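Quick setup: one chain, the form predicted alone, written in structure tokens, and binding and motion questions come after.
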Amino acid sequence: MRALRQVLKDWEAVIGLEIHTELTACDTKMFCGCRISHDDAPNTNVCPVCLGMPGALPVPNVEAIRCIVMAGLATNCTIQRRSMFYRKHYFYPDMAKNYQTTQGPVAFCMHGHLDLRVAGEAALERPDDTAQKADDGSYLARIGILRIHMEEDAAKMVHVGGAEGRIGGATESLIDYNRCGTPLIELVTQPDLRTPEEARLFMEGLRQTWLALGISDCSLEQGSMRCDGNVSLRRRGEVCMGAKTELKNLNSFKALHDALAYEICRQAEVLESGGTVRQETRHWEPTRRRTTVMRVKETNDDYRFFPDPDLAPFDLSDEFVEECRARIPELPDAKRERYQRQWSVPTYDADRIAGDPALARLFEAAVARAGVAAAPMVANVVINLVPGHERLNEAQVASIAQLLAQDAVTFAQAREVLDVVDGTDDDPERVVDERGMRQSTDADALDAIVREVLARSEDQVRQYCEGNRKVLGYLVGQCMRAAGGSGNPKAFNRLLSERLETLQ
């Protein structure tokens, strides 16, 4: 197959996503009082309602409704004051009652959007001018959201004997109904995505938003967040849509990107050879790095939708919507912009921290102790040193950031100090002083060492003057050795460069 970027020069990919997220913030299921848990023994959290027994009546979970309204407000959706639940029928054992309770054409949340900033190599995959371009080559793409609707999750199927736990080749299938009835929101995008990287960025951004709202743990590994991708191709410049295929249950950002990339190239190969792309559902096989046919795609008529007679239309009051709005915290985009504008945090660091609520809380608490001027260094510590030291408190993060900002320790020393204080209340500065690790930045004392090292390093000085800048590292090392490890390497580097430049 041709490479993706080559294919996208001739063909335009039209991509839409359906992202399913379990509302793990809720304690009970969508229409009954059964506890939500991924870890209990199979089929222990079930009742007549979630098993669909005759005569059992559902009662909507108000906390789940609150979560979906918050999700809609956070993604610029219009909150529909009146909507209703439908029955979606299909014959499959993961729903004991043979239908799923879901929402119809009008959902709680309609017609929203999220903006994507695409930069670097990924920006080259969209060769047209349909997105707002910036001077640095990045572009801003607005991705429309058709709706976010509420439904109940299905049971968990465990296929035994097949490859990678898939139904193909399995000798038997087991069913765990504990998950059945878990409140689930499904976000459906407009077909506005044009590259696999845009799709990956959209799902990453959405996950950050849901985490900030606290409505789900968004665990792709455990399946509380998963994605279906719809993709079709058309020649560049054409308006009509091509036949689409659906890629089911993509449970990682890499799987989403790679499955879409493969499918785009596969469809291009089919069309360029004179073939026809069939509308079908396909499965991504990560080990073989290919998609395979699962089934011919159903249409809405196959599901026989009709209003659920056991659930009255749902009316949301203005007071309820405003209560939900008041619960929304600062979202990742706003947090990222504040870090950059007010605290001068580099873009990459601001993006990493703003997208992780726990990291953001630690960062902001540490900045409150260290001071706003130290925020860039605190961000550096949080990104590069905190991982692997998960039991640090904000005082320790602030202390090590201040030591680094003062050039009192190197990053290697900072990591060593954090190994010592992790899980304790010890002050990193005290550990540095007790172990004699504090680096000297006294210019006069260090300059004397620099002059002594240069005097006995005529060979390296000559090489430097002839253009070999690599010997500077050797000279810094000699200065550190002469200082007994107590001199600051950055200060030595600066003093050496200044003296060597005078010898040119």
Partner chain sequence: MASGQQLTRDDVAGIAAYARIALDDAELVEMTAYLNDAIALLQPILEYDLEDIEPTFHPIGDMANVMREDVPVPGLSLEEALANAGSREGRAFRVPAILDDGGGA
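Predicted model only: the values in this text are computed from it and were never measured. Residue numbers count along the first chain shown, from 1.
Although not depicted, the form predicted together with its partner chain is the subject of the following passage.
- Proximity to its partner chain in the predicted complex, defined as a heavy atom within 4.5 Å, singles out one entry of 465, 445, 455, 41, which is 41.
- Proximity to its partner chain in the predicted complex, defined as a heavy atom within 4.5 Å, singles out one entry of 316, 385, 331, 365, which is 316.
- When contacts are judged by a 4.5 Å heavy atom cut-off, residue 254 does not count as touching its partner chain in the predicted complex.
- Although the partner is absent here, residue 267 sits far enough away that none of its heavy atoms falls within 4.5 Å of its partner chain in the predicted complex.
- With a 4.5 Å cutoff on heavy atoms, residue 88 counts as touching its partner chain in the predicted complex.
- Contact annotation for residue 303: at least one heavy atom lies within 4.5 Å of its partner chain in the predicted complex.
- Contact with its partner chain, judged by heavy atoms within 4.5 Å in the predicted complex, is confined among 58 to 66, 447 to 455, 431 to 439, 469 to 477 to 58 to 66.
- Along 170 to 184, residues 170, 171, 172, 173, 174, 175, 177 each place a heavy atom within 4.5 Å of its partner chain in the predicted complex.
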